[in-house]
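Before any questions on binding or motion, here is one chain by itself as structure tokens, the form predicted alone.
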């Protein structure tokens, strides 16, 4: 009986840690989706690119991965700005999704060509081992990733709620035309939001690269989880994204513990289908 409770608690703790990382990973997609109504199909590929940037700056130059993830996020922010200004802003709707999907395919195949399809991992010496808390083992790398993700998510929430730019983003998200009439440069908000959304995936991608082995094709799995979380939580709702991330993280961990790890990746897709069928608006958002 005690062993069953310990196993259940361990699975829940693991799911919470994973859910925290998912929340940061999906917040950028939620932001872009909510502000511009663009489902960014390239979001996960940029997360993988950030993992590679962090990996190579650590392997070749010796830059600490937690500093390297900031560097990779800055690079991705610049890439996002350029992409929106010269590509995304010139199309809309389905064409924007198609364009970003093609960008994802191009980047994924380019990474395979340059870095091969071999799995790599960012191994941080001071994050090896686990912390034992009353018989519950918490891996140091996952705990560090969780803390960074939750802090990053909290800073994003604070930024959107209390700063002028954040309020302008929220106003644009609610009604672009009214925001424009109030003196907000909507095009600049779109530009900044797209760059910020891509940069957020950079942080999360680097964290996932520290925890899990990765190669270019893992983006196909990550993007499915991202869309499931954003739709389940509700488009444009950061709180919904956070709650959905926790739920999917915990459920995936429980399935992996009591059934098989093979079934865990399918949980996000099952939740996505059920959400679109039963409640298209998600937990706290608007109808898809």
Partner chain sequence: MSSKDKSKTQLLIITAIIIVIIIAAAGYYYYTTQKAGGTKPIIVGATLSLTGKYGRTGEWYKLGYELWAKHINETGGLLGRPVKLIIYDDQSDPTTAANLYEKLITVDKADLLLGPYSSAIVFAVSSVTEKYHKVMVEGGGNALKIFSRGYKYIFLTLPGLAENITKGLFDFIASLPPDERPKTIAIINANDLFPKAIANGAIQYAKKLGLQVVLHEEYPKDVKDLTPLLTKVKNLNPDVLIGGTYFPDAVLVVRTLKQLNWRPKIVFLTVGPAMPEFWETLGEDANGIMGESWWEPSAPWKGVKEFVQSFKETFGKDPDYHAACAYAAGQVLEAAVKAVGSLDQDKIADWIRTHTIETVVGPLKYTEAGYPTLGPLLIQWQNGKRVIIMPENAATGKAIYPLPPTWGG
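Keep in mind the model is a prediction, meaning the values are calculated, not measured. Residue numbers count along the first chain shown, from 1.
The discussion below concerns the form predicted together with its partner chain, not included here.
Taking the partner from the other structure, its partner chain in the predicted bound form has no heavy atom within 4.5 Å of any heavy atom of residue 176. Heavy atoms of residue 221 reach within 4.5 Å of its partner chain in the predicted bound form, making it an interface residue. The shortest heavy atom separation between residue 212 and its partner chain in the predicted bound form is within 4.5 Å. Although the partner is absent from this view, residue 118 contacts its partner chain in the predicted bound form, with a non-hydrogen atom inside 4.5 angstroms. The contact with its partner chain in the predicted bound form, taken as any heavy atom within 4.5 Å, belongs to 112 out of 112, 75, 171, 150. In the predicted bound form, no residue of the candidate spot (31, 163 and 240) has a heavy atom lying within 4.5 Å of its partner chain.
Judged by heavy atoms within 4.5 Å of its partner chain in the predicted bound form, the contact stretch among the candidates 152-160, 128-136, 189-197, 176-184 is 128-136.
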